[in-house]
Every structure is written in structure tokens, then in C-alpha cells.
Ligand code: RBF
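In the block that follows, a single chain appears as C-alpha cells, in the form predicted on its own.
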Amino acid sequence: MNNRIYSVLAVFFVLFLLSPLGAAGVKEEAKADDSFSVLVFVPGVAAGSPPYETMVAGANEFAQDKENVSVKVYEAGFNQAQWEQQLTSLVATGEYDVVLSTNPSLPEICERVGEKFPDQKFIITDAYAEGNDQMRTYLYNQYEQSLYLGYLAGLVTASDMEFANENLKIGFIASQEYPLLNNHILPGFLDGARLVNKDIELDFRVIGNWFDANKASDLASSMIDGGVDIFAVIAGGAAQGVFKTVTQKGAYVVFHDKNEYSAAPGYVVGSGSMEQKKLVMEILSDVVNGTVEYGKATVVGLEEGYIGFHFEDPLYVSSLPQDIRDEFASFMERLRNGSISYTLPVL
């Protein structure tokens, strides 16, 4: 008797699952799947790094008025050897529809992680890799940005400004070496400067990490003693050491990606811009709408409006004489309209 009752109940349960009411429960789960989850993977820490800060800001701003979009920001820290393990652990949860990151070293890491999780999608800015159908990359034309910042540095070192000397030597301090720096950024900076004077030399030094401001300060001091009168610096939080030294010893700085005139007023004489926040918001819109073409790579620069220069800041105007500002503005216009041609080096 009891077995017969259990059999009847089992039949009713199966019929319920097949009924419209039971199907309605499945549809409700599908509706919940309309939610979209983004993992913003910061390969370092956001504070002090313009590309990371603006990536996080863009993702959060995109999601703030969209109930179905959630964003988790994860800072992986400065130990690059741990990035892959951390990303693997995060992706293994299966929680994220897309991983968003920015760094030239991320494509290799994401490719290895993606081999273990073939359904995971990755969007990476400031990087270039094509042919992987799990990944979409967007590379800022850093050769072009370095070209015009180098041109401005060349104008300054060849000038009679207060801290310019007769050595025709410009400096570059970086936290570490990587292909984009070695193949695009450094050559662009020197090429731009030599458009002003072919005899300009470059003194390049490496800190070894992204946080040691004291070492950055020591390097800058040594370089000034060796004749450098203007610097570029890509060093995260360690850049504060360069700002401190140029104000103490007398030298100038041009800065990539972000408005940094206020970091050392009168000494930071040029600031480039990178529209990371704008690009991130546009990318996430495409991702959510399902229009991203994975496997492709795109280079974006002046013409597309994703890099530029902060002309509008009063500190820029007060830091440079009119003749240098006029010459630099003319160069930028010629570069933007294609009158100045160049070949983008291979990464």
C-alpha cells in the first residue's frame, strides 16, 4: 500500500515538472540569467596608476544605473608571479560573464587561464593580441603619445628655460621593462625628441617595482647630475619620488596618460591623456549587447580620440613660454591630421 502511494506521488511530481506551472519556474531562472557580472582584474593596485584608476571608474560608472550589471574589482597586487594563480581562482568560481583588465602582459596570462575555462571571455585594454576567440584587445597607440611627448621634451631641453642645460639629454624612468615600453614607448619618446634635434640623447633607468619612490628619487637625482633636464616617468606610485627630486634640484617632467601638472606645478610641463574610462564604458556596452567581436585586436590613438594632451590646464600655460606652446600645438595638429607620418613599430 505504501509503495503504491509513493509511486502515485512520483508520477504527480513528474507531471508537475512537465506542466506549464513547472515550466514557469524554469523561465524565471532564465530571466535571472539576464544579469551580467564583470570582474575588473587590476594587475597591481588602482591608486596611483592612471590606467587602473580609470578602468575601475569606467566599469563602476557603466554599472551604476543598470540593475542587471554587477562589477567586482579585484586588486592583484605588485607580485606579477601571482597574477595568473589569482585570476585562475577567480575564474574557477564561474561567477563572471567577462573579465576586464588592462596591461600588456595580460593576454598571455588570460590565454593560459582560458585554456582551463573555455567558456570564459576576456576584454583587455592597453594590450594587443588577436586570433583567440575568448579574448578581445584594444591597444592605445603609445608610440604616438610618446612621439608628441618626446617632441615637447625636445623643445624644452633645446630651449633657454631656467632648468634647461646645454647637454641635450632627456631622461626616462620606468618601474619595469615590458614589450610595449621597449618597442613603442621608449622609441617613440626618443624619435619625437630627435624631430627637434637629432643629437638629443636618452638616459633610461629602471626602478624594479611600482612603489619605491625613494629609489625613483635617487635615480632622478643621479640623472640630473649627469645632464638630464627633462623626464618622462611611468612608475605608478614611485613617480612621486621623481616629482620630489625635480622640484628640489631643478628639472622638468612630461607625463603619460593623465593630468599631473599639480603634482609639481611649474616642473610638470606636459601631460598626455588616455581615454581609458571612455573606452571601457563603450566596450562594456558592446559586451552586454553581444556585439563584441572576440579574436580581434584594435589600435586606437589620436585620430580615434582615445589619446590626447591636456592643453587646457592653466598650469600648462604658466609653465611654458609662448613660443614653445605655439610650436607644440602646431606639431600636434600636424600629427593629428596626418601631415607627420610614422610607422608603428612591431611589438
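Because the structure is a prediction, the values reported are computed rather than measured. Start at 1 with the first residue shown and count on from there.
There is another form of this protein, the form predicted together with the named molecule, and it is not shown here; the text below is about that form.
Given a 4.5 Å cut-off on heavy atoms, tell me which of 116 to 124, 193 to 201, 149 to 157, 176 to 184 is the interface stretch with the named molecule in the model of the complex. The contacting stretch is 176 to 184.
Verify the contact flag for residue 236: yes if a non-hydrogen atom of it lies within 4.5 Å of a non-hydrogen atom of the named molecule in the model of the complex, no if not. Because a heavy atom of residue 236 falls inside 4.5 Å of the named molecule in the model of the complex, the answer is yes.
Give a yes or no for residue 103: in the model of the complex, does one of its heavy atoms lie within 4.5 Å of a heavy atom belonging to the named molecule? Yes.
Taking the named molecule as it sits in the model of the complex, is residue 274 near enough to touch it, meaning that at least one heavy atom pair lies within 4.5 angstroms? Yes.
Using a 4.5 angstroms cut-off on non-hydrogen atoms, would residue 58 count as touching the named molecule in the model of the complex? Residue 58: no contact with the named molecule in the model of the complex.
The named molecule in the model of the complex reached by all of 54, 70 and 137, non-hydrogen atom within 4.5 Å: No, none of the three is in contact.
Though the named molecule is not shown, can you say which of 243, 261, 83, 143 has a heavy atom within 4.5 Å of it in the model of the complex? None of the others qualify; the residue that does is 83.
Within 190 to 226, which residues have a heavy atom closer than or equal to 4.5 Å from the named molecule in the model of the complex? The stretch 190 to 226, when checked against the named molecule in the model of the complex, contributes only 210 at the 4.5 Å heavy-atom cut-off.
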